[in-house]
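Starting off, we have a lone chain in the form predicted alone, written out as structure tokens.
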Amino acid sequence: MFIKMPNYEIVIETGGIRSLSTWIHEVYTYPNLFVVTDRHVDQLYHQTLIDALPDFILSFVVIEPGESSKSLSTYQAVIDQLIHLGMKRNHMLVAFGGGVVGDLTGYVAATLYRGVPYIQIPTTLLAQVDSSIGGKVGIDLPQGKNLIGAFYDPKLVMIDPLFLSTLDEREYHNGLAEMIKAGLIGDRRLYQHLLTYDQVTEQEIALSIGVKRDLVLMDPYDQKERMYLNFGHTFGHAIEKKHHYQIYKHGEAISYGMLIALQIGIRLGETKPELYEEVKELLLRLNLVKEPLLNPMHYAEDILTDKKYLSDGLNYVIVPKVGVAKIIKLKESDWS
């Protein structure tokens, strides 16, 4: 299964890692590849990647897993290692891991030597349906998430659902949260599937990616329609930051954020209460949220550094009904 983006192709194929070498040869002509991965993925799949790329010379840079690695210090360390390993401007980077690895590696690719080619091989459901798609790359600052970044497309995204077999239930559900979001903002059929089924196939992964693809094509640089993808993320990012990225996984944080957004929609007369109750029941069943739910006022201060907070207010996404998203200007009194 293939999804075409303007500057690259997304390949969705169970067992696709076995044809990775062929795909890389389509976009790259040199023998050297420089792989950035994390310690957990490296332990699981180091030899798998070597076996899949017998006609390339692989050099590995291994970082610690977790959001704390999306930092200036890790960014500097990765660049230092790549230069030490002999990476040149025409060599290719490989982001091999989850969203943290993909975001960090993409930002290294965008900035090292003023830009080097890279590909994404996402190994988590969250990365496969969201962070590896759309060309947004970046790192965090103490003041907030993804405050330094760029728009920089990969040359290829290879999505192999076989990698999902080693995810635990919590990490798998972490990815389902982003798929629920995609269904709520743009695909009723996907949302209805997730109301009933906890497991997804290539088809549902493609549907989720399709929602993001359509919005990215309409609005590549996040000025209007692409902002729909931020549904649940304003409070979600604040929740992650407040708890130092230790307590809640990204999907869990945005799940609370989606419920807060639905409540705000109800308060503004835009969203029906029945939708809130349905989504809450789904998120509770998947253990993405727990009762008592988080109080949005506990995160108000962290909202102020959100990059969507502009001089005239906060660009905030609500969902009046399944498949329809809307951007409003939000004032603090709207959630207090």
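As the structure is a prediction and not an experimental result, all values here were calculated from the model. Counting begins at 1, following the sequence as shown.
One more form of this protein, predicted together with a small molecule, exists but is not displayed; see below.
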(request) Heavy atom within 4.5 Å of the small molecule in the predicted complex: which of 105, 234, 208, 174 fits that? Just give me the one. (result) 174
(message) Exactly one residue in 300, 44, 293, 275 has a non-hydrogen atom within 4.5 Å of the small molecule in the predicted complex; which is it?
(response) 44
(request) Report yes if any heavy atom of residue 280 sits within 4.5 Å of a heavy atom of the small molecule in the predicted complex; otherwise report no. (result) no
(message) Can you tell me if residue 99 lies within 4.5 angstroms of the small molecule in the predicted complex, counting non-hydrogen atoms only?
(response) yes
(request) Give a yes or no for residue 67: in the predicted complex, does one of its heavy atoms lie within 4.5 Å of a heavy atom belonging to the small molecule? (result) yes
(request) Please run the contact check for residue 256 against the small molecule in the predicted complex: heavy atoms, 4.5 angstroms, yes or no? (result) no
(message) Each of 271, 315 and 326 within 4.5 Å of the small molecule in the predicted complex, by any heavy atom, yes or no?
(response) no
(request) From the candidate stretches 126 to 134, 81 to 89, 191 to 199, 258 to 266, select the single one in contact with the small molecule in the predicted complex, where contact means a heavy atom within 4.5 Å. (result) 126 to 134
